[in-house]
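Just the one chain here, laid out as structure tokens, in the form predicted on its own.
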Amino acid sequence: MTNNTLIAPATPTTTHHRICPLCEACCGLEIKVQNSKVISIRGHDADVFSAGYICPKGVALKDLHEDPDRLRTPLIKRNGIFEQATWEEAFAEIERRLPPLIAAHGRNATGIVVGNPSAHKIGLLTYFGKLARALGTKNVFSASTLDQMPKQLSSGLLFGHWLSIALPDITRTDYLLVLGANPVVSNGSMWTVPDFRGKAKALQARGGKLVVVDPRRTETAALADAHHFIRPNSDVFLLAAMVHTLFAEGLVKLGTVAEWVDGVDAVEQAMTPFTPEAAATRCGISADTIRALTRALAAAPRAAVYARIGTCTQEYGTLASWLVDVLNTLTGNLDRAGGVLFAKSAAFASNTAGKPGIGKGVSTGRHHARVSGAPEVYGELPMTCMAEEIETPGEGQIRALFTVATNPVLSSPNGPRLANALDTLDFMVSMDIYLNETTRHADVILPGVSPLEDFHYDVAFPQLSWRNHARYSPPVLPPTPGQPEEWQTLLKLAAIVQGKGAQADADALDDAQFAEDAQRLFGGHANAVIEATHGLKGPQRALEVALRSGPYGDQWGRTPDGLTLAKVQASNSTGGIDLGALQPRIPEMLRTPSGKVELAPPSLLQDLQRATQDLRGLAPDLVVIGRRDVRTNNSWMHNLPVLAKGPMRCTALVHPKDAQRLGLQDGVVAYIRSTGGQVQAQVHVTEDMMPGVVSLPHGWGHDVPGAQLRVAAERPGANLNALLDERRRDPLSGNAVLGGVAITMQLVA
């Protein structure tokens, strides 16, 4: 889709170029504006990263900006009813209620939770930590433990940093094996690759193969050269059997990274129980097919294995994520063109800073959840621990909560329990653009800024991108009068927590903090850095420092041709700055204590014993998994007319054999029950599902009283997460188990 005219344009118009903030693909957009109104949105053909590609979500930016349900003024709940308030009144209410609560119960009586939209907002992403540190609480939660922490943990253990993710080099590979991912719809997840479909077709056109392993014949599987059904929750057994086969058949080759890999012998020994025959029944893929997949992967001149949501949101999420990188390493495809490579981000990447080739690595369990004992991972506790931490009396019970751009009542398991827990809080503050299923429980809601009124630079996604680049988007529309920027709101909240008062000046606080940071980072050159960034503030100043100090930067004048903020800003109309294809980076990017790829982390080998004991376990008769639609990323997108229109997408996909034995037909409504709860959903009978597996999309259930999402409420859908048990999680990463959950189905009479 390249041209989407929304209103017939009239002159004069202005043209703006903007990075789409609505999913990980980060496509470049061309937006035309007349009289401060968006009149058209299309892909930016000159964009160096996305080359004109756009999906329906990009067009929806107009609907988002103009949505009458989007909050534009703060709300304060008085006598159970939200009332509009000024920003000064909202901050005063927070100052009145929060500091006394902290004084009485301690800092661990607070909690803070952040959602994935913050990853698309530089102000939220770079300043959220300042509020979390000001609170000083152990109770930090994020959406990462709902879908991606296993990949971050396994990558951190192997390569030394949480965002050192090995990415398929799709434009040069000959064989791409995809497990539990649907990049035709997502355009990558933990892998930023706009127009995956086009790149996959190019792979096939040059003689390459795309193979998909998934319990559903997804849009990606339909495009693939081969598709294999797999039982949910069993990827670890398939992957381990493939590693076993590499060793058994003498197919192991480390290639160019051989001298930088430790632990190969330990991996071989650990894989002994996982023969293809032992794994076949458990994963529903024959031993012959397992061997054939392994041989094809090993024989391909250049190959890559990619796995995502389906492999992360299960009981063995970290093990499965680890074994993907083990396969890439043992087939000689780690850190080579056409295999998997590491991006080299222009700014904010820890694996481009400090001494190259060695570091502290990552650690977990620096503290534990008070109730369940779940370990801290990457500074946070599992999202699924939040309800019990609010409900359970005692020292450290969460009594006050901040939520930032998140809707866990819909997005995390057992949302009804969490909703009830939120009602018991003494105080709750939400930063959000909607009065939704979660924020309706807040005492104060502080609205975020429309993406079209904010400047944009992706912080995280260039570390996950298929090609290196630097792109900047200025605001498309003028800011709402009187609205603080989001980073300023976070600093004001931090000031209130620290006792500096609601009247504290955010800009002055930022200047003082920057001076401290400059002294710490640049020592005797701190004053020169402060002078060189004069006139900048907030995340723009942080971006200038990160770009100039980064691997492509001008190094504060020492490399005159290098990047500066001004250079990146100037490239906006021409589609950004292309920094080239991914290149081998081992050992330079490693940040492990050994300075090597640590292929056999002890914690993973220990957890593998759990999988060994489960190798001959029986699969339930019927299980449910989630799915994603190209028009949906976050739950609030169901409130945007351009995305909500069309056929009902919240349907339960059921294989014909299951439908027949359960007495279900296409179009009927059925109860779906689990030990966790019950929902009703419309049935769609399709051979795209593996027998014994039902698919229901996530993020629905917009029938909760008090939410203000009027378009979404017209077709509320069924909340998949109401079926899930919040106590089930991957023990290493704390990630929630969102798939492979046993269910029953019955026709609604």
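Residue indices: 1-based, along the sequence shown. Every value quoted in this text rests on a predicted model; they were computed, and no experiment measured them.
FYI, the form predicted together with a small molecule isn't displayed, but the following is about it.
K.L.:
Tell me which of 83-91, 206-214, 487-495, 128-136 has residues with heavy atoms within 4.5 angstroms of the small molecule in the predicted bound form?
P.N.:
Every other range fails; the passing one is 206-214.
K.L.:
Note which of 115, 550, 74, 462 lies within 4.5 Å of the small molecule in the predicted bound form, where distance is taken over heavy atoms; exactly one does.
P.N.:
It is 115.
K.L.:
Identify which of 329, 384, 233, 345 has a heavy atom within 4.5 Å of the small molecule in the predicted bound form; exactly one of them does.
P.N.:
That would be 233.
K.L.:
Given that the small molecule is not shown alongside this chain, does residue 629 nevertheless sit within 4.5 Å of it in the predicted bound form, heavy atom to heavy atom?
P.N.:
Contact with the small molecule, yes.
K.L.:
Is residue 431 near the small molecule? Define near as a heavy atom within 4.5 Å, in the predicted bound form.
P.N.:
Yes, residue 431 sits close enough to the small molecule in the predicted bound form that at least one of its heavy atoms falls within 4.5 Å.
K.L.:
Quick check on residue 62: any heavy atom within 4.5 Å of the small molecule in the predicted bound form?
P.N.:
Answer no; every heavy atom of residue 62 is more than 4.5 Å from the small molecule in the predicted bound form.
K.L.:
Residue-level contact is defined here as any heavy atom of the residue lying within 4.5 Å of the small molecule in the predicted bound form; does residue 420 satisfy this criterion?
P.N.:
No.
K.L.:
Indicate whether the candidate residues 168, 318 and 352 are all in contact with the small molecule in the predicted bound form, with contact defined as any heavy atom within 4.5 Å.
P.N.:
No, the candidate spot makes no contact with the small molecule.
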